[in-house]
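Coming up is one lone chain in structure tokens, specifically the form predicted on its own.
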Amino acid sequence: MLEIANLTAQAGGFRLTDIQLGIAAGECHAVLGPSGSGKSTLLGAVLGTRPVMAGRVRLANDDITHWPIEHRRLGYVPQQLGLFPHLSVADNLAYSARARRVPEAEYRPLLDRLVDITGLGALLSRPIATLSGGERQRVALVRALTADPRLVLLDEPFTALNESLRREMWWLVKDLQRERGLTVMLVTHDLTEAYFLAEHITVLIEGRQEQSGSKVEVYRRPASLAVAHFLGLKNLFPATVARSAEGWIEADCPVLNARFRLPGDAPEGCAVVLGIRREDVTLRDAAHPPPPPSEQVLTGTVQIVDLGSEAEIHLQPGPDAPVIEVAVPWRTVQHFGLRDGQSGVRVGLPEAHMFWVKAP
């Protein structure tokens, strides 16, 4: 449906380079990244508000790289919504279709259906200024869909809403996507929003495409340390490749005083960073069965730092050994009843759940 190939675009002194991604029909694809990473520049290149310096943007069978914005048949919900305060809700909803000269007989059935789904029927005569934040979000979304666009672009439209309203809008977008078969490109910095709405994600860092793929693949196997940091992964340990052969590496990690055998290719002597997600760390004490051979185990005395939904375990293997810090879910600490000063605690790092990236 949407294909972006070798795209370079510029906004002032900022340049977005060599972007390549595709969005299948009926799919929601999230573009993620911190502020200043190039998310809005990419969206502007697709929308037609940012000139493309190199590369191509194709929508269905059309090369729209240099088409005027009004010819692209895109639905757009900007972060500030862009509603017209001097128009009623009804006039705002019909604006996009009328601006494209879509006959009312064509857009009215879809508009009426969307009004029914979103519960805007009682608000049609109201001025925009009298609406709540959630109501304005609904108006902006329906307006973007009324002309039956080929692609819907969402530019962080839910940022200003409180948590409960944001989740309500997520469900609305998901329901509309299922019912209408919408193809959506979502620009956001919110990981939870992206993982709720999207099937595939692209991570931008400082104008570069760091990784693109299924949300499960990106989360489980980040392609770089920058992606791992952006995803909020904390269990990251420096290591060096000691042996490399036949699609596997063996990496020595001085911090953990252990060697790990992991899939991948890297030359011997290469500096890498080993990682494991907090939910994949195992905890045991002497009463539990020993771990499998493929699980590296750290044993020692623990101090526990409560960080709300997660905990930081400070494990000291011996009196003179350096402290090792490992993040785990707080519920795991509760499940095992760990307490400060408890000795003989075994922290397991299953190799099957570990990943590695090259050190910067």
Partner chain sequence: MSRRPGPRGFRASIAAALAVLAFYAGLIVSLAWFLDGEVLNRTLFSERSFFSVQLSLMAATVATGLAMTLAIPAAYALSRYDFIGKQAAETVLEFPIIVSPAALGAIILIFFNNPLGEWLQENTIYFVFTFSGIVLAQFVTILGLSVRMLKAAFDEVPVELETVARTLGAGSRHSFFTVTLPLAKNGLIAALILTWAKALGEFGATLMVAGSMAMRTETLPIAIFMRLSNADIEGTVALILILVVIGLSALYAARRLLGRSAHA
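Positions refer to the first chain, counted from 1. The term rigid core refers to the maximal set of C-alpha atoms that superpose within 1.5 Å between the two forms. The structure presented is a predicted model; accordingly, all values stated were derived computationally and were not measured.
Although not depicted, the form predicted in complex with the partner chain is the subject of the following passage.
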Heavy atom contact within 4.5 Å of the partner chain in the model of the complex, the stretch among 25 to 33, 304 to 312, 44 to 52, 318 to 326: 44 to 52
Option touching the partner chain, based on a heavy atom within 4.5 Å in the model of the complex, out of 76, 260, 107, 230: 76
Contact residue in the model of the complex, chosen from 85, 103, 181, 121 - any heavy atom within 4.5 Å of the partner chain: 85
Exercise: residue 99 in contact with the partner chain in the model of the complex, heavy atom 4.5 Å: yes
is_contact(residue 70, the partner chain) in the model of the complex, heavy atom dist at most 4.5 Å: yes
Contact flag, residue 188 vs the partner chain in the model of the complex, heavy atom cut 4.5 Å: no
4.5 Å heavy atom contact, residue 209 to the partner chain in the model of the complex: no
Core-superposed C-alpha of residue 102 shifting 2 Å or more between the shown form and the other one: yes
